[in-house]
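The chain that follows stands alone, in the form predicted on its own, written as structure tokens.
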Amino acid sequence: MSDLSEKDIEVFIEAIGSYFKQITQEAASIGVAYLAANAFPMNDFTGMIKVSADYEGALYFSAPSAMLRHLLTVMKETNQSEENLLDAVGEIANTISGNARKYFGENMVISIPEKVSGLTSKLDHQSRRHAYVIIIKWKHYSASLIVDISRIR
């Protein structure tokens, strides 16, 4: 099993920045990036994409409801139901993983987004001993991107 490089992690960081820039015309910034073994910063809503083939693990994008509501408002979406908040967080996770797949190639198979509300700070199963945690800042909100992905081939 080989570790992801700093350049590999940059792909995820660039993808989240591009998403916010495209949707809101305002780039998100990286607040903090670190390695964590457990107790991940989860928010109200989380989108998860599992990866397989030459990779294993998952990517999580977790955001507070207020941030997602603000994003929906910017997108001129008036329906801010829990279902739409879940769809938004799933779309963000899917977009980030889709951009990463372009970089990693067809040997990274990504799942459809799983969307949950109120996910605990502990992951059921971790692929890596220490996952990459990237804190995203947009406006006055903070969200987290957790990259728990390893190369297995």
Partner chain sequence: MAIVDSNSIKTPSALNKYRGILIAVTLFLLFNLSVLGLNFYTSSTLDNDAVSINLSGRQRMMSQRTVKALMTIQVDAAQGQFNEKNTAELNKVTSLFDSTLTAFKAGGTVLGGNVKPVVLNQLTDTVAIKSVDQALQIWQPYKKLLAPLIVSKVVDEYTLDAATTYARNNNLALLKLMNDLTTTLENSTKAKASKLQLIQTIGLILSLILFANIVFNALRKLRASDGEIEKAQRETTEILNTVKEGLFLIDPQFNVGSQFSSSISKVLQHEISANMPFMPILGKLVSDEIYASAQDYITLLFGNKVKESLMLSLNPLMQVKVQANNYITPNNLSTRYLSFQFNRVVEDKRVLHLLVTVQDVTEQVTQAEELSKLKGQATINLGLLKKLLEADLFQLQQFLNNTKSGLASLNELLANADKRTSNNEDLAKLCFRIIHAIKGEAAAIGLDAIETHAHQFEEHLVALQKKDQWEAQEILSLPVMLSAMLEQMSQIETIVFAMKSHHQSISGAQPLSVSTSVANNLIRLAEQVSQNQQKNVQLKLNLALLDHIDSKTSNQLQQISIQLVRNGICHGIETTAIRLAKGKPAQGEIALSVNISPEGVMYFVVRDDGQGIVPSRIRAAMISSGRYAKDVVNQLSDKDIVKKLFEPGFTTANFADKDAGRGVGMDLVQSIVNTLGGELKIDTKPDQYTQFTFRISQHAAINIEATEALV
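Numbering follows the first chain given and starts at 1. Keep in mind that what you see is a predicted model, and the values were worked out from it rather than measured.
There is another form of this protein, the form predicted in complex with its partner chain, and it is not shown here; the text below is about that form.
- With the partner left out here, its partner chain still marks one of 41-49, 89-97, 24-32, 59-67 in the predicted complex; by a 4.5 Å heavy atom cut-off that stretch is 24-32.
- Interface residue remark: residue 139 is not counted as part of the site for its partner chain in the predicted complex, having no heavy atom within 4.5 Å.
- Interface membership of residue 19, defined by any non-hydrogen atom within 4.5 Å of its partner chain in the predicted complex, is ruled out.
- Contact annotation: residue 101 falls outside 4.5 Å of its partner chain in the predicted complex, judged by heavy atom distances.
- With a 4.5 Å cutoff on heavy atoms, residue 134 counts as touching its partner chain in the predicted complex.
- Using a 4.5 Å cut-off on any heavy atom, the residues of 3-17 that reach its partner chain in the predicted complex are, in sequence order, 3, 4, 5, 6, 7, 9, 10, 13.
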